[in-house]
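In the block that follows, a single chain appears as structure tokens, in the form predicted on its own.
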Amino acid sequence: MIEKIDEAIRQLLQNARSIVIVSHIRPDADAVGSLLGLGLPLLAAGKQVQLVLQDGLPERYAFLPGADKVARAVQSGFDTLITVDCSDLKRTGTVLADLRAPDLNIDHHATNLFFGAINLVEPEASATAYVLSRHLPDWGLPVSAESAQCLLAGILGDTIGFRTSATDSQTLRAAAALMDKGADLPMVYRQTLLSRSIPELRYWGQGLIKIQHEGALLWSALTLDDRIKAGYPENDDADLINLLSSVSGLRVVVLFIEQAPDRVKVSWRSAEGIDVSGLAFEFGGGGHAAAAGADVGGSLDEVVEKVLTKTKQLLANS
């Protein structure tokens, strides 16, 4: 089956002249790394390529090759549409609202809805960038040093530096192969996972002072006012969820990030054996067993109450 999918993708990309590649809102390292990691080889192959993120490129990933090519909207005149690292079309925001379904959907989320004409979805993979690193040569697209740098950033981001349970020996071999292509592991690791701005630290502080916990459940919230006070320019959590989930003895961590007065981004992290992806799907989102998220309508207080009630039920039944 995978050979047939690879051949279909190879033919699609070979026949394409003008390609649009889109990833999700509030882009993380895997979204950016996959977008650039696929886009750069296609540009090298002589294709016209649009790289689109509705929220734009986060400043922390400006070090990646091709970062200056990322736009916020799709321009007309393309013949091939690709999404990367998106479990459903809602994750792209509104940039594809008036366009046809994607020709190709490349992802690694177990909750993917298979919305493309061709779907390459590998839920067991540690990152979408890992999926691309394995398949690009099969599509006739060599991985350059620049593309390798981007793909390595995606793998490092989604595995949190090779720390998630999805990290296997194949992931490590893929990272080593990308290093052989010219990717700089120490630099990419530092820029992707360690480098922090003063506004990010202030934003973390706002969330840390509001931590609450009940047994093995911990949660916190970041408001629009917190973002303004910290001077943080993005609309994500600055990876605070990963810091909270490092607390020992916890089974589930939930972080609420207010996006608007009537919209809240919810992020879950869980210990091994507790699958939060179904809970996220119930709230209109998705993700992985141990890491999932959803955009939920309602005020912050309303969403916190609804989500914590369901999360506690999940814990009680686990």
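In this text, all values refer to a predicted model and were calculated from it rather than measured experimentally. Numbers follow the displayed sequence, beginning with 1.
The next section is about a form of this same protein that is not shown, the form predicted in complex with adenosine monophosphate.
Residue contact check for R91: one or more of its heavy atoms lie within 4.5 Å of adenosine monophosphate in the model of the complex.
Taking non-hydrogen atoms only, R227 never approaches adenosine monophosphate to within 4.5 angstroms in the model of the complex. In the model of the complex, adenosine monophosphate sits beyond 4.5 Å of every heavy atom of P58. Residue contact with adenosine monophosphate in the model of the complex: R134 places no heavy atom within 4.5 Å of it.
Considering adenosine monophosphate in the model of the complex, the lone stretch of 288-296, 33-41, 61-69, 46-54 in range is 288-296 [heavy atom distance within 4.5 Å].
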